[in-house]
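What follows is one chain in structure tokens, specifically the form predicted alone.
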């Protein structure tokens, strides 16, 4: 520590004591700027340029053509009428995935947190069990479930052992969508359970004791005490789970590859394939799609924060 004292004293004399906090936040600002802000501007530049060249100086300026190509539809409710139908199939798949995955994630996380907050046997063990999948790599999670769900996997072996017919869980569109929602929820709910559990433990115990003395039912206690005081934490969980759900890529990519067909192709998967996996790398179109995705996420976050601030004022 003494080794840092003399250089820091010199810096303080040079810039003044009032500017010293900027010295300490400067490393984080540099990292954030290098890996977030600069790529964001580069991405926007690619979205207004065309061609297949990688280097910016070789790409012609096309303005908003990439955005116009993505949004050009006769009927936006029918992806087949759009010029870039794969983009809209990815949009609709993502909306469906997010709607069910976020509801399942938040609901199950809340239920689990409430149970784990009670005095149950082996509470510490169950807390670690629910959090353990979060420690696994998404690719490892997807490979484990692929081993379970494939045609000759563990689940079909159990079904066959009881005399049932094998089910193509990853080759039928409805089953494939169900399992990517299930696997994604299973893999991440431990993280949100932990956040909600911390929120539950911050609620003063004397409020519950007073409610118990008044003979208040458990449901009324949950509705009138737990949920209002847990709402700020719930809002954080909602925002984080929504953003994470829209960004889902690696688990689905390994588990189904976006198939069968495009049944489980999400919007981030579309961006990846358009930029890197197709024979012609269309960086501009992928960049425009990612800018649209980021804009929608930003608007949704603002709406959620607005609704949250209204709830707090009430």
Partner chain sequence: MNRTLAFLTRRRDGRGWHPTDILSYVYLMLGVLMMFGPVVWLLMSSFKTQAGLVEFPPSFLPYSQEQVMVEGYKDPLPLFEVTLPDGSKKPMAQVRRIGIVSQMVDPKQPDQTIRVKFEDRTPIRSLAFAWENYVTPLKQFNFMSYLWNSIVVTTVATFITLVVNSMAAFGLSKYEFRGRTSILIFIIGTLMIPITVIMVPVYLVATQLGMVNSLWGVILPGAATPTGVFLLRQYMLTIPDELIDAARMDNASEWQIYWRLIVPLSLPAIAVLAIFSIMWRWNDFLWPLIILTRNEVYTLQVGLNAFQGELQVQWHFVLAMTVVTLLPITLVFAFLQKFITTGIASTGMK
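Under this definition, the rigid core comprises the largest set of C-alpha atoms superposing within 1.5 Å between the forms. Numbering follows the first chain given and starts at 1. Here the structure is a predicted model, which means the values were calculated and not measured.
Although not depicted, the form predicted together with its partner chain is the subject of the following passage.
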Closest heavy atom of residue 306 to its partner chain in the predicted complex, within 4.5 Å or not? no
Indicate whether its partner chain has at least one heavy atom within 4.5 Å of a heavy atom of residue 232 in the predicted complex. no
Check residue 213 for me: does it contact its partner chain in the predicted complex (non-hydrogen atoms, 4.5 angstroms)? no
Does residue 220 make contact with its partner chain in the predicted complex, using a 4.5 Å heavy atom cut-off? no
Within 4.5 Å of its partner chain in the predicted complex, do we find a heavy atom from each of 71, 99 and 178? no
Of 225, 200, 95, 240, the only residue with a heavy atom within 4.5 Å of its partner chain in the predicted complex is 240
If you look in the predicted complex, which residues in 42-64 sit within 4.5 Å of its partner chain (heavy atoms)? 42, 43, 46, 54, 55, 56
Please say whether, between this form and the one not shown, the C-alpha of residue 107 moves by 2 Å or more once the core is aligned. no
For residue 148, decide whether the Cα shift between this form and the one not shown is 2 Å or greater, given a superposition on the rigid core. no
Cα displacement of residue 200 between this form and the one not shown reaching 2 Å, rigid core superposed: no
